[in-house]
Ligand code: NDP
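Below you'll find only one chain, the form predicted alone, shown as structure tokens.
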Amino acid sequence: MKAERSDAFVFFGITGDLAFKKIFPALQAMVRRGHLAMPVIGVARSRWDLAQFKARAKASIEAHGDFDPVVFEKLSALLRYVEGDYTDASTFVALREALGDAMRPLFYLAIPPSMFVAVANHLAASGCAKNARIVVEKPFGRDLASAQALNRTLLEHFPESSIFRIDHFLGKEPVQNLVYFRFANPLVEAGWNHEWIESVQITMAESFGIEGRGRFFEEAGAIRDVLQNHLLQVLACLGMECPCRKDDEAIRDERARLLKDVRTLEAADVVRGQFRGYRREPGVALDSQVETFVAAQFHIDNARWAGVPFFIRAGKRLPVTITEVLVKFKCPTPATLNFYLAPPANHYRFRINPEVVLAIGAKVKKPGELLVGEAIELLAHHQSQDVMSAYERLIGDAVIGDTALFARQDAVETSWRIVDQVLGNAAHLYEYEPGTWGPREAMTQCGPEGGWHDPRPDFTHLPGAM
């Protein structure tokens, strides 16, 4: 049976960075497409009035969206504001009044995870949770135990089908394309296994630092911030089996099944790094042991991926801001192609951010009499002007009750199980210079054979490790 649409959108944390950079622009885009025509109620502790709330929304869209005065006028007419403390029951009484006749509200918690439980409890006590949906931002807890506790609280007040754990990487068009490319092309899927693939690399590089979020990053670190969620979800999309059904849960079943086969990380599998100067950032401890870089080697214990290492690294203050996947195939045996000179491995290269790039690495014969080859890439570059942002897509899916692109309880807890033993100071912390590819130990202790592929801004290049 088709789920009913939500009839009000309520988001907590409207003064925060996430709302300013992502949510307001997504809401205007939804209005422009005709996907949003219900009350939008902002809740915050700030002593604002409605005019200030609207001014904040306008400033956000002008800075981070495609401001359209006609469309913004329509969005502005939908805005409402409730001021109050998230721990005060009276705030939620006022919210219930502001909801008016709305019977199926969608609550978006763009607030620190430490507030999730209090807000969920107050929503239930005030009657706001009835027939409602709730969206919670990652990280979903700080470790396995806290994630399990959070899930227990949410499930006391909302059924699993009404809980939307948002990981915006799953809403990115290129990440969805990873899955589509695999299963829509038999040529690809036929060799997508340990018999043909030597290794897989996933790099999430950011040239910027922590941008004034020192206090937040001290609580998170790179493992909690991106490895446990974003990058394990990319790994799941790369490694999962083809869904055998067309319902919303089918793809989530396969992602969860794949993650259950991922071996728990140990300290020897991980290299942590911290860029020089991090400890001088506001909000950062002078003796901080928090990682701004992590590299890890994963193994998947199933028939498809037995023996294939998956290498993931992520870091701040690296040379570029790019997220890229490199799938490296095994070299053919010398006996098969003994007339070639050191044939390089074939590869697939997927760029997820900032643009969408798909490249296939191959070797062709050089012109001339000699049977000598050269490496090339067959490249497709997508640059659509009207692709939905991840947040627009995911908020829209939550409004209609489509759970496919959201993380499920079992997958979240499995992801924490994978990293639980390497949280904190379990692995040594190495310093690295800003503008480099992290500590050299990432190359020697848990790097791929032949070295890491370092993405470059020019997407028309062969991987340096080939």
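Predicted model, so just to flag it, every value in this text is computed and none were measured. Note that residue numbering follows the sequence shown and begins at 1.
Below, we turn to the form predicted together with this ligand, even though it does not appear here.
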Note to self: Using a 4.5 angstroms cut-off on non-hydrogen atoms, would M115 count as touching this ligand in the predicted bound form?
What the structure shows: yes
Note to self: With a cut-off of 4.5 Å between heavy atoms, is G451 one of the residues that contacts this ligand in the predicted bound form?
What the structure shows: no
Next item on the list: Look up in the predicted bound form whether I14 has a non-hydrogen atom within 4.5 angstroms of this ligand, and give yes or no.
Entry: yes
Check: Is there a heavy atom of D85 no more than 4.5 Å from a heavy atom of this ligand in the predicted bound form?
Finding: yes
Next item on the list: State yes only if every one of F164, K246 and R257 has a non-hydrogen atom within 4.5 Å of this ligand in the predicted bound form; otherwise state no.
Entry: no
Item checked: Of G221, P139, G214, P105, the one that lies within 4.5 Å of this ligand in the predicted bound form (heavy atoms) -> P139
Next item on the list: Only one of I41, V419, A44, V399 comes within 4.5 Å of this ligand in the predicted bound form by heavy atoms, so just point that one out.
Entry: A44
Item checked: Per-stretch contact check against this ligand in the predicted bound form, the hit in 427-435, 29-37, 408-416, 45-53 (non-hydrogen atom, 4.5 angstroms) -> 45-53
Next item on the list: Would you mind checking 390-415 for residues with a heavy atom within 4.5 Å of this ligand in the predicted bound form?
Entry: Y391
